[in-house]
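Given next, in structure tokens, is a single chain: the form predicted alone.
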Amino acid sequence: MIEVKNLTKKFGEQKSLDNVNLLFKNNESAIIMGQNGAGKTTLIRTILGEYIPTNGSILINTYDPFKQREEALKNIGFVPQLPPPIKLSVKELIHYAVVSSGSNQERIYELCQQLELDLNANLHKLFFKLSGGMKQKLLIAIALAKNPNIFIFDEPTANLDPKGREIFYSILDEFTHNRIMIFISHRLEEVHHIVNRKIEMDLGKVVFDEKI
């Protein structure tokens, strides 16, 4: 469960989130939509504990991501829109993911193979030197291999070609049961078969929230 109560986030005088209230329960798959600057990514980064709220609170499976970060985030798999400039080799990154977040190494290799990413040919390459699509596939594999009960995907297919997107969503079908899935996406048509809730944001507020 993710419970967001009266969440407000300001950057200086700019209000990026304005009294947001949301509740996500198991077996909910939600898409969050809105224009650039609507507050979508700020919401996700605050849920992940990267931004401290100006007001309000967040609970993830009863844990506070700001005071109990490790407990709150251990059951979240996150795929960002823009892969971070990680200066580790692919092999080192996989090892780090296994040690720090509990991702299953064998499952990472299996998922990369399904995503048509040749890990063995790229193990010793630096992550930040991989192509955008290769980075995204590896981050997807790491997140899925963690097998959490909450997934958060911020434009997860932005760097994937049409075939890569198709493979990603076919794999994701295996993970939909008894979980929370949150998609930040402009492509409702891609996830219409997965999501059962649509949320729209504008100027930091939730302006639409309904089952679909």
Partner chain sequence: MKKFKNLFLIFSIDIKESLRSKWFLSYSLVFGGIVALFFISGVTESKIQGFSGLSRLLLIFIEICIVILPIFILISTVRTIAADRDSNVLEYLLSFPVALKDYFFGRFLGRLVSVTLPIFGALILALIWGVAKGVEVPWGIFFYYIGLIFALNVNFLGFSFFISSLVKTQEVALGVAFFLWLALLAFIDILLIGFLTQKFANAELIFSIALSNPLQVFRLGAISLFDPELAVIGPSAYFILDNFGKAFFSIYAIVYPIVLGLIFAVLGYIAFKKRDLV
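Positions refer to the first chain, counted from 1. None of the values given here were measured: they were computed from a predicted structure.
One more form of this protein, predicted together with its partner chain, exists but is not displayed; see below.
Scanning 130, 115, 86, 119 against its partner chain in the model of the complex with a 4.5 Å heavy atom cut-off leaves one residue, 86. The partner is absent here; in the model of the complex, the one residue of 34, 148, 49, 164 having a heavy atom within 4.5 Å of its partner chain is 49. Partner contact region in the model of the complex: 49 to 57, out of 49 to 57, 25 to 33, 181 to 189, 156 to 164, criterion any non-hydrogen atom within 4.5 Å of its partner chain.
Contact annotation: residue 123 falls outside 4.5 Å of its partner chain in the model of the complex, judged by heavy atom distances. Within this chain, residue 109 is remote from the site of its partner chain in the model of the complex, having no heavy atom within 4.5 Å. With a 4.5 Å cutoff on heavy atoms, residue 70 counts as touching its partner chain in the model of the complex. Interface membership of residue 93, defined by any non-hydrogen atom within 4.5 Å of its partner chain in the model of the complex, is confirmed. Applying a 4.5 Å heavy atom cutoff to its partner chain in the model of the complex picks out 9, 11 from 3 to 36, in order along the sequence.
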